[in-house]
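Next comes just one chain, in structure tokens: the form predicted on its own.
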Amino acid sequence: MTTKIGILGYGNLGRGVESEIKKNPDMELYGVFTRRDPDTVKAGLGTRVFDIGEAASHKDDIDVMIICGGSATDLPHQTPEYAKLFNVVDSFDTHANISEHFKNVDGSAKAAGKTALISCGWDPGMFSLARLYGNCILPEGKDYTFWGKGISQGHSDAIRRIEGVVDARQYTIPVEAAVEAVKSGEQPELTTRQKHTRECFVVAAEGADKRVIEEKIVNMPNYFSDYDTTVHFVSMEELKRDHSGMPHGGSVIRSGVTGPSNEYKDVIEYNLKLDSNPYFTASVLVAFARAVARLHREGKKGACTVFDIPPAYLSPLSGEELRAHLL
């Protein structure tokens, strides 16, 4: 069965979703919906581009709408709104606000009889599953998550929302000593500040007060206030030359013990090294969109997370094929 996908938003993530859909023969891209003038959007060959205001008129043509906005200001409003019209998938990644976002989306989706998957990607998303498996398998232990070194789309977007910022890139960098201590099985107590640093490269508008911009960055709750954050102001030329890629990655580590007297140290590690954050995230969203379409056909209504998705639902293969080739 072919799943028809819509893309809401056509930035880095939206372009990634467009690309990755083509690698899935059981999926079809219906079109892209944008806030920009559709005539100015250079989408891929054969991709239809619609004004976002037209979305409602296509609600019966799309199986799943993948919402590709930013977590800071777009998704808190877009996902609940479009869950009234479509089955949706988003990549909301502000961990502190996931419960509130879930509640808002759940209400909209249930009222409309739709299925909505929130906070899907690699973290939250694949890393969340790694944490869940680790906790279940090693009930006596501690979780550690390290991100980077890499560019965070969500944090970079949050900086760009600050008045006076033209463009920005933010790198998350693990503290190597903390990583090695965890891998040794020591189970150290680490504060947020001890695990990561953040480094920002910012292009300021002409005449903007750089001191004010820096203060807003380093004091931003949920993003920078709990970390040692360094801000560099650079030219647009330098930003494009040195920071145009979108690498990222990281690891989830569960350090625990087994044995009658907890004498055995065990470490579970799930690691990602990504050349392109948005394209990998897009791949995750596309796979989970398949699952959302299937859940909706089975009658699932309301919001869900990656914890609620049976692993087999991510695959186009049958149960028999999965058992034969992957089990």
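When you see a residue number, it is the position in the sequence shown, counting from 1. The shown structure was predicted, so the numbers you read here are calculated from the model rather than taken from an experiment.
What comes next is about the form predicted in complex with another copy of the chain, which does not appear here.
Quick check for you: of 151-159, 250-258, 168-176, 226-234, which stretch puts a non-hydrogen atom within 4.5 Å of another copy of the chain in the predicted complex? Among the listed stretches, the partner-contacting one is 250-258.
Would you please decide whether F280 lies within 4.5 angstroms of another copy of the chain in the predicted complex, comparing each non-hydrogen atom pair? Residue-level check for F280: yes, a contact with another copy of the chain.
Does at least one non-hydrogen atom of P139 fall within 4.5 angstroms of another copy of the chain in the predicted complex? Within the cut-off, so yes.
Find out whether any non-hydrogen atom of P80 is located within 4.5 angstroms of another copy of the chain in the predicted complex, and reply yes or no. Outside the cut-off, so no.
Using a 4.5 angstroms cut-off on non-hydrogen atoms, would P311 count as touching another copy of the chain in the predicted complex? Yes, P311 is a contact residue.
Please identify the residue among D266, E54, E28, D61 with any heavy atom within 4.5 Å of another copy of the chain in the predicted complex. By the 4.5 Å criterion, the partner-contacting residue is D266.
Of the options N219, N222, S184, Q194, which one has a non-hydrogen atom that comes within 4.5 Å of another copy of the chain in the predicted complex? Selected residue: S184.
Using a 4.5 Å heavy atom cutoff, which residues in 129-148 contact another copy of the chain in the predicted complex? It's fine if the answer is none. In sequence order, L129, R131, L132, Y133, N135, C136, I137, L138, P139, E140, D143 come within 4.5 Å of the partner.
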